[in-house]
Ligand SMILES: Nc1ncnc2c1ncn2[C@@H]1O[C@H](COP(=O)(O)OP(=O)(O)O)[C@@H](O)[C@H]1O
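Let's start with one chain on its own, the form predicted on its own, as structure tokens.
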Amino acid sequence: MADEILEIKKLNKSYDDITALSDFSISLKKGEILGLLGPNGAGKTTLISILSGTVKDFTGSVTFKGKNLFSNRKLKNHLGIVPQDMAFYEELNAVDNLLFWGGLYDIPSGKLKKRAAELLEIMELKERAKEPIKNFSGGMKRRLNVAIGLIHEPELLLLDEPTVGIDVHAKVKLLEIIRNVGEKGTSIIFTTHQLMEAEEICSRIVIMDKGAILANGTLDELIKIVGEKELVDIAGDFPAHRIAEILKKIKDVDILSVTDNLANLTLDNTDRIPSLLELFFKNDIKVSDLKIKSPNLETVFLKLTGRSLRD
């Protein structure tokens, strides 16, 4: 479609016997924030690495603004890349880092200085602009990392887990900044391990595991995968195989995941919980905690992968 800025078709990438991406296909519209959600090894970072040009041995195609992304070096100037590892010089201050990295894009000096000042204001780093980065907190460093990726006003921003290792306040601020960037028209691919982050800022979410897309849609569309059932988390002192045996015998119980001491399932009617607990008691299943939740992104992830995102 004409409003698609990026189209990825059938990307495949393997490392020896490990499949990193398997027929991965997705498209992205202008101003859309696409969240890639999955555990370690899902293929998120591999995808970002291919798009940024650091991984070349793959099959498939990537079309950016109607052209092969890898056919024209100038197209890369329209991409902003924010890697998970910090990409700046700690001995330099924030201004000098922005001017250095911006200079790689041949931005005129006056425009570059103005853009650097604007980003420092947005990132709430103006008061510390001339201080060496080594003195910055983790949250400040993450914001600077994003600022460097935005210095040349890219049309597509690639964010590889930009909130790793920062506190809650810093994370909320950074997510707000990223959302505002998308609202101004920049398309964003955002990888994360955090369900809350995907729910908070992404206009569309891809759940992936082992290199493949398991689901793709808005939050509401994904939640429909599990329907109107309630999510029930059961914690206690029991082996996985024992509680699984019992649950499989119960009608209308959908087992999402079972591990030692924790079971996740869905029920059509939570009025059945007392009888369920009675059945556990009769079978010497010790339950210490039970939580009921409405269907959410966690429910979807459990249903599709059979495990928690934290596993």
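In case it trips you up, residue 1 is the first one in the sequence shown, and so on. All values derive from a computational prediction rather than experimental measurement.
Another form exists, predicted in complex with this ligand; not displayed. Remarks below refer to it.
Using heavy atoms and a 4.5 Å limit, would one call Leu11 a contact residue for this ligand in the predicted complex?
Taking the distances in the predicted complex, the answer for Leu11 is no, it never comes within 4.5 Å of this ligand.
Is there any non-hydrogen atom of Pro39 lying within 4.5 Å of this ligand in the predicted complex?
Pro39 belongs to the contact set for this ligand.
Is Gly43 close enough to touch this ligand in the predicted complex, meaning at least one heavy atom pair within 4.5 Å?
Answer yes; at least one heavy atom of Gly43 falls within 4.5 Å of this ligand in the predicted complex.
Classify Asn72 as contacting or not contacting this ligand in the predicted complex by the rule of any non-hydrogen atom within 4.5 angstroms, answering yes or no.
Heavy-atom contact with this ligand at 4.5 Å: absent for Asn72.
Report the residue, out of Ser203, Ser137, Asn180, Gln84, that has at least one non-hydrogen atom within 4.5 angstroms of this ligand in the predicted complex.
Of the listed residues, the single hit is Gln84.
Where does this ligand sit in the predicted complex: which of 282-290, 265-273, 245-253, 44-52, heavy atoms within 4.5 Å?
Careful reading of the contacts points to 44-52.
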